[in-house]
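Below sits a lone chain in structure tokens, taken as the form predicted alone.
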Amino acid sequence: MTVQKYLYRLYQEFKGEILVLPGRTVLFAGGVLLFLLPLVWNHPYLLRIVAMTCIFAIYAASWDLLSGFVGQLNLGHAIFFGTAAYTSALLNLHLGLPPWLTIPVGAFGAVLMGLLIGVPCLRLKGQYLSLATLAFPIILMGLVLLFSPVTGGELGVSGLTRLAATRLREYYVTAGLAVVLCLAMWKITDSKLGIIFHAIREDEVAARASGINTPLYKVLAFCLSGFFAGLAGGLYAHFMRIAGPSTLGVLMSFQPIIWSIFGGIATIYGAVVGVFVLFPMVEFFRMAMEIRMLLFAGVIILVLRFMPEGLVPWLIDRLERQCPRCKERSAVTRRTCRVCGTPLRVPLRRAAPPHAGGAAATERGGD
């Protein structure tokens, strides 16, 4: 009986958190399909592309956590990704540590890098912060090339231990971690800490005046973002079995920006959807290699032209409606708010004819 009560309570929480909104239901269905995909089509190339997409989804969501929710525009996000990739690779090759240990250690190395970046950049804002963050990956790449006997120089470090024995197991490892880590980032933004991040992004001066220690929370945001990006970097290194200068390149820093803006910034799930749309699309466009990047840019321009807030917010606005009173969202098919009961469909009142008011005023004047 206790198990039945627990399962019933779990179902009620699932129903109240996931099934209550169409957007969350669609995302949940997408997560389920992600795990069922190998049962339908388990081609190694397909599993590789989707596994890479899952890794980059963690990476893009970590950028959105920092730049989307806190407003600290980071143009050098590859510093976290590359630091963790090289740390995991060197520990695995020189000390023989397994991936399940090197990946978390690499993520904590990225956290230290977040402290190294966050503390000096506390007083910088706007474009000055962006330029400062852009310089850090370039500096680290110079160090990688300088100490080439250890880091491998331009060739990088190769021959790493695989995540799992088979491609199918690697797929489930990356897919499971992507779901868990992206859900964890979403829960962070939906908590009290997320509200503080929102306040700093909207008006840092007002947040500081209300008693929020904004420098502390900005450094915390850098560390959290670095931790999740570091996990993605470690997964990438062991999945590709190589860590090279490309993990610190400018393109690696700009990719999460493109993915997040395309999917919808400051949502976490928007960045994830952006990766799952754009990354496989680039692979599909390899059939037209000469114009691949032209097609890719055209898709982005068209989507942002007609969906300026991103793909996911545009879709959610057609599935859900915001309550004018409590600001909670409900399914578009509902007539009242699911939280406060406020009518969501207010009938338009027919305007009186222009002469009606004048005629009434004349009669009142005559009286």
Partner chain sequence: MKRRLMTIVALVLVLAMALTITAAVGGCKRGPKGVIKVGVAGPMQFIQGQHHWLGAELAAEEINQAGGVDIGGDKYLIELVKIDTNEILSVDDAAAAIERAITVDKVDFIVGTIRTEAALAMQEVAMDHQKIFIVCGASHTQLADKVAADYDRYKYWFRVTPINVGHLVTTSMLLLQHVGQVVRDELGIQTPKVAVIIEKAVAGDPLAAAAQMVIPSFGMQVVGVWRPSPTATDMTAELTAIRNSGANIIYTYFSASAGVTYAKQWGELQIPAASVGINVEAQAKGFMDATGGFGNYEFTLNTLARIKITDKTIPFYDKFVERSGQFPTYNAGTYDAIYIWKEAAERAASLDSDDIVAEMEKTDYHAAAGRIVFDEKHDVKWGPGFVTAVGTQWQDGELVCVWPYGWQGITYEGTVEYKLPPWMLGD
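Positions refer to the first chain, counted from 1. These figures come from a predicted structure and were not determined experimentally.
Same protein, other form: the form predicted in complex with its partner chain, not shown, and the subject of what follows.
With the partner removed from view, the residue among Leu115, Leu216, Leu155, Val180 that has a non-hydrogen atom within 4.5 Å of its partner chain in the model of the complex turns out to be Leu155.
Residue in contact with its partner chain in the model of the complex (any heavy atom within 4.5 Å), chosen from Pro99, Gly264, Gly244, Gly76: Gly244. Within 4.5 Å of its partner chain in the model of the complex, a heavy atom is found for every one of Arg167, Met287 and Arg318.
With its partner chain omitted here, the record of contacts in the model of the complex names 157-165 of 157-165, 217-225, 204-212, 190-198, defined by a heavy atom within 4.5 Å. Put simply, Leu143 is far from its partner chain in the model of the complex: not one heavy atom of it is within 4.5 Å. None of the heavy atoms of Val119 is located within 4.5 Å of its partner chain in the model of the complex. In the model of the complex, at least one heavy atom of Pro44 sits within 4.5 Å of its partner chain. Contact check for Arg338: no non-hydrogen atom falls within 4.5 Å of its partner chain in the model of the complex. Applying a 4.5 Å heavy atom cutoff to its partner chain in the model of the complex picks out Ile49, Met52, Phe56 from 49-69, in order along the sequence.
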